[in-house]
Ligand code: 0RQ
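Single chain ahead, by itself, as structure tokens, in the form predicted on its own.
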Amino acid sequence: MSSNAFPQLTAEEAAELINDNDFVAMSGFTAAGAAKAVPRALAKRATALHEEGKPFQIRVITGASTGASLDDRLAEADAVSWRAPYQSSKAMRQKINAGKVAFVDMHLSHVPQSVLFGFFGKVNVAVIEASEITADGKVFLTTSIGASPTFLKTADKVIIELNKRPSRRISDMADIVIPEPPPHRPALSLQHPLQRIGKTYAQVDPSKIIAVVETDEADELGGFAPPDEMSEAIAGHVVNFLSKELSDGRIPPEFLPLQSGVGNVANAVTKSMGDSPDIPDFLMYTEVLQSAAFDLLRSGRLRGASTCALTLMPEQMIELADNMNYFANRMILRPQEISNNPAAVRQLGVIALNTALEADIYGHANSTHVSGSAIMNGIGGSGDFARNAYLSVFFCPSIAKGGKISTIVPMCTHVDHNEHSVQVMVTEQGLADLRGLAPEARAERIIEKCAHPDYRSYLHQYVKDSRNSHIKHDLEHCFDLHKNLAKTGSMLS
């Protein structure tokens, strides 16, 4: 797994090499491939130092969200002062919304270049999970690539978590390239989702490696809930829409690559795509490969997938390792600046399928903030894909909290994706194709097709009462639903 050329330390010993206020970059794109042992040891060290009345907090950047050993443990230990670019941890979210952690929400494709050019300062230490490292600095990554190649390149010091649990052959699927910096950056020569343009390993200057920590741990991935009635309804609307686009000639006969966001609804949509006889065998060009997509790879319905991370069930990871000769030719793991590259998304004609928290009647979508203020997770890669997709589809349930909340509102309290990036809106109620519609027609279609029946009359009345203009709004009442929710716990109270 490794050369004896590097210091072999315990996680606790390695944690001692990280100082208060260090800028620390860690591997992980979701919990896949995330650093585990060293972050846990850092959390214990921070707790001990705090009990002695001594300061210890670090600034943390990763590829995306991570696992419990990283975000949860560090947040619980009050060991983080600054965090970017995305998280899905309840403990970290609470710290952020309490103002105790400064959080920078970012498009994930922007992260590597921002780090490379020092936008956030110098990376003091990188903590990267790998399955193998060679004496000359070749680093074979595990279940995600994320921004790890850039972290290895830019960090002053590097700690490797050498994890023997994942199959070493997972790195056979890696296709790693760091684009040249602008203005000398050539266009990506990427003509097909399964085309290889890089190497199977990342590179690090061996002199920067200050510790190798041996581990044997699975990724800390949660499971997926079985599709419920709401998820299946949304998935049915999406599949029917894409089937009609195909039959009408607006999608070519060989179909187009799909991107699917994370979560149970996105997983249900992917499964329904595979179940539909009206959808031909297809490819994916996405940032995360979830369990439903893996099942479709096995069956052949999914011809191949380019991704940045594998978020699979434990039994699927075992199957992957046991059948690597089959899967290695059908899956590619890329760095996030390639998997989420806007030019590649546009060039390949990707169909983007992403989740929103709320949407307004004119087609703006909020993916990140509850009532415009409290962060959930972050924008992630949805903006990278939505703005540049051949078709950009957003979906969400029409209501939440048993009907006390409508996700379709007069005006979004926070906008991540504006009307120009949202072509199709879907709830379990129906699908609104917004292409070619002026604002008033968009409002009519979204209300009729996507809003829950309990809220349609309110939303129609809002439009009727609003001042006549290109986009009809009443600034005195556009957030009345949210104000009611804050006062009474229900939007219609």
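All residue numbers refer to positions in the sequence shown, first residue = 1. Here the structure is a predicted model, which is why all the values come from computation and not from measurement.
Quick note: we don't show the form predicted in complex with the named molecule, though the next part is all about it.
No atom of the named molecule lies within 2.4 Å of a backbone or C-beta atom here once its pose in the model of the complex is superimposed on the site C-alphas of this chain, so the site counts as open. Stretch 286-294 is the answer when you ask which of 313-321, 146-154, 341-349, 286-294 has residues with heavy atoms within 4.5 Å of the named molecule in the model of the complex.
The named molecule is not shown here, and in the model of the complex it never comes within 4.5 Å of any heavy atom of residue 360. Of the heavy atoms in residue 108, some are within 4.5 Å of the named molecule in the model of the complex.
Mapping the unseen interface onto this chain, residue 206 falls outside it, with no heavy atom inside 4.5 Å of the named molecule in the model of the complex. Contact annotation: residue 304 falls outside 4.5 Å of the named molecule in the model of the complex, judged by heavy atom distances.
When the named molecule is considered in the model of the complex, only one residue from 262, 125, 133, 79 comes within 4.5 Å through any heavy atom, namely 262.
Of the residues given (251, 400, 239, 104), 400 alone sits with a heavy atom within 4.5 Å of the named molecule in the model of the complex. For the candidate spot formed by 356, 377 and 407, every residue has a non-hydrogen atom within 4.5 angstroms of the named molecule in the model of the complex.
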